[in-house]
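To begin, one chain is listed below as structure tokens, in the form predicted alone.
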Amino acid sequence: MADRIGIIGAGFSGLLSAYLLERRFGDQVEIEVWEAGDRSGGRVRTTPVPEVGASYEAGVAELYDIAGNPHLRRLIRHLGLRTRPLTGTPYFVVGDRVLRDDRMLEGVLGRRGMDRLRRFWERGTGLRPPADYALAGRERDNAHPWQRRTFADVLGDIDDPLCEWFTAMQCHSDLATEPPHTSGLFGMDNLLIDHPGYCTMYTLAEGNEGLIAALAGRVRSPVSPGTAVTHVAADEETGMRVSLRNRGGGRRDVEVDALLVTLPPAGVRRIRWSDERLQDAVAGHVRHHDHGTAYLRVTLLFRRRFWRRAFPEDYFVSDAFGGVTVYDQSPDDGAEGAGIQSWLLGGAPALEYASKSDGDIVAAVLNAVPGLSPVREDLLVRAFVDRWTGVAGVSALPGGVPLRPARQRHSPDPRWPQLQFIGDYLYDATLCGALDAVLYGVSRLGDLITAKTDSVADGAADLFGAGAEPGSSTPSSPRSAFFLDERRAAGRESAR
């Protein structure tokens, strides 16, 4: 008899879990995927802009090539998706100045500030070599001296208030939170996104939602949109029963042998759990991992790509809204054509503005656009506001502190190893972290099924290689405090 497996959530994690289980076990499993919303994909969403025959990334803006962790790149190749490198030095906007190199940055921070900044980067990269960066979020990180310090405390080691501010601003969009609310290690990991010895970036040529479409097209199991899980009952004699409610109010119960929960903590909290021990275990899981924060993406379609000469690459960073990454998602038809800017606000500013009207949000962003003062509203064709808050938000402290053993974080009640929790909030707030969580959870569940069926099918991780091997390379000594020259060279030469 086939094992019945339920998967809660049809985002990247849920669809990939279904695909890997089907690939490994075939007819030995019967899978259902339940999605409370109307669409699959979660935070991966590409929105068309018919006016220019293009699109923008309403959710996940980039994918990461992390040195020593090849799984995501291997999945992309396996699915036959085309990629495009994402280049960004990055340039910075500080006040009314555009900083393009270290000389210009020194004009803001001073010689002493630049020295303090270099020392901080040398210290940070020394404590976080690429081999460890590739395995971020594992239990071994508990031994890192910055794991139990806040990022604000670690930034204080710079001993220069202006440099502390600049460094926090630099990675604010990636963190999506403020330095006191996350760990020093997670803060440094997000800074290292700008270091080509650790990470490079790319997008999918047909839009990042192509990843979801490719997975959905390969999943044979039924995916039910508009179907919320309201209650999970677990009994050691009768097994697990999942209670469902569809958008029309209809209800049904499903008996399952295993259950994968791919919701963030805010979504897990909406489900009732029984028995009492299971309820307590899940509540403890949520408390430990519930560090939700928000994103707000504001995308502007302009008649002209007027910023191209000042910002010739795929993104720049502005000090507006506490630090914001601005992506150029214009169609590739030359500098004089229509232009698309997408502003990614994170953390406290995102939460503040998310409650305002779209008009107020767009007006605030227009006032921050470099080279658009006074505001030229006649240049604006259309604006889009995408709110990623609440259940759709991200984690400000993935894995919590301390990081729990993998078996405990994925299966908080040891009586029920066939109940696995999966999500990027367990490792980091990226698709790489989500993929790491899927590979662990599916492999663990696969071991349980194999023990019952004597299956000799390939392990789920074999699709991407046997485990993430730590990178062996070491970063070159940077010529600049935040690697302007290295990032520029990497953008030209990488085959990402």
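Remember, predicted model here, so these are calculated numbers, not experimental data. Quick note: we count residues from 1 along the sequence shown, nothing fancier.
What comes next is about the form predicted together with a small molecule, which is not displayed.
Three-residue candidate spot 148, 154 and 171; no residue lies within 4.5 angstroms of the small molecule in the model of the complex by any non-hydrogen atom. The stretch from 443 to 451, 22 to 30, 46 to 54, 430 to 438 that comes within 4.5 Å of the small molecule in the model of the complex, counting heavy atoms only, is 430 to 438. Proximity to the small molecule in the model of the complex, taken as a non-hydrogen atom within 4.5 angstroms, holds for one residue of 348, 94, 158, 392, which is 392. For the candidate set 421, 133, 311, 388, a heavy atom within 4.5 Å of the small molecule in the model of the complex is found for exactly one residue, namely 388. Not displayed here, the small molecule is approached by residue 59 to within 4.5 Å at the level of heavy atoms in the model of the complex. Residue contact check for residue 297: one or more of its heavy atoms lie within 4.5 Å of the small molecule in the model of the complex. Among heavy atoms of residue 228, some come within 4.5 Å of the small molecule in the model of the complex. Within this chain, residue 271 lines the site of the small molecule in the model of the complex, having a heavy atom no more than 4.5 Å away.
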